[in-house]
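Just one chain follows, in the form predicted alone, and it is written as structure tokens.
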């Protein structure tokens, strides 16, 4: 099988990406509530709230690591954000665009490797890139009147770090845990478990 054939989506790829998206769409809605309720604890330094950001990017990195097809991160993150909107996200339809931006950030790193590297360092960088795309979107759309030095740059930095650790390395840990159960045997991530 050549590399082009391996990039073709199978039915099982679509199903798994969809299941990840729907499951995390529910998680997103719960995380939205937690995020909204965390304004008080972070009142002493509001940009620090973005340390919670990584959870929102887990499905993009997780799907890319499992499905390993072009578009997996973008599709999964966009569908997950759509599910959260359908469940009543306080951010409204703009959350769908935000999900696409997040997925695009993650996707960009896997695309830069020509979809050939799924190592932990690649996943961490993908999480960080998704976090960068997402937090830059945030400061431009949600926080346009804030200062770059006292809010925006720290918010971006904490968000990128959160996404690197929680979404990037967290998705690696989830992939390994799932692979060890055998449920990913139909995917390269499952067949690689002995190497992981």
Partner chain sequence: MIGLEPVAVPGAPLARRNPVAKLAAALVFTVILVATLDPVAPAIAIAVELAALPLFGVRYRVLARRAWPLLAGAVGILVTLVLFAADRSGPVLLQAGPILVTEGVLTTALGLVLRMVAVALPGIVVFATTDPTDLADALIQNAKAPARFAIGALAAFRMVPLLEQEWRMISMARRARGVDAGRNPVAKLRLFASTAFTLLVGAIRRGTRLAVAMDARGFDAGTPRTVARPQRFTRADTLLVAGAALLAGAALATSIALGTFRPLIG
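Residue numbers count along the first chain shown, from 1. Please read all numbers here as calculations on a predicted model, not as lab measurements.
Only in words, not in the display: the form predicted in complex with the partner chain, which the text now covers.
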Three-residue site 115, 157 and 164 fully in contact with the partner chain in the predicted complex at 4.5 Å by heavy atom: no
Partner contact for residue 94 in the predicted complex: the partner chain, 4.5 angstroms, heavy atom: yes
How about residue 16: is it within 4.5 Å of the partner chain in the predicted complex, going by heavy atoms? yes
Does any heavy atom of residue 109 come within 4.5 Å of a heavy atom of the partner chain in the predicted complex? no
According to a 4.5 angstroms non-hydrogen atom cut-off, is residue 73 in contact with the partner chain in the predicted complex? no
Let me know which residues along 140-155 have a heavy atom within 4.5 Å of the partner chain in the predicted complex, or say none if there are none. 140, 141, 142, 143, 144, 145, 146, 147, 150, 151
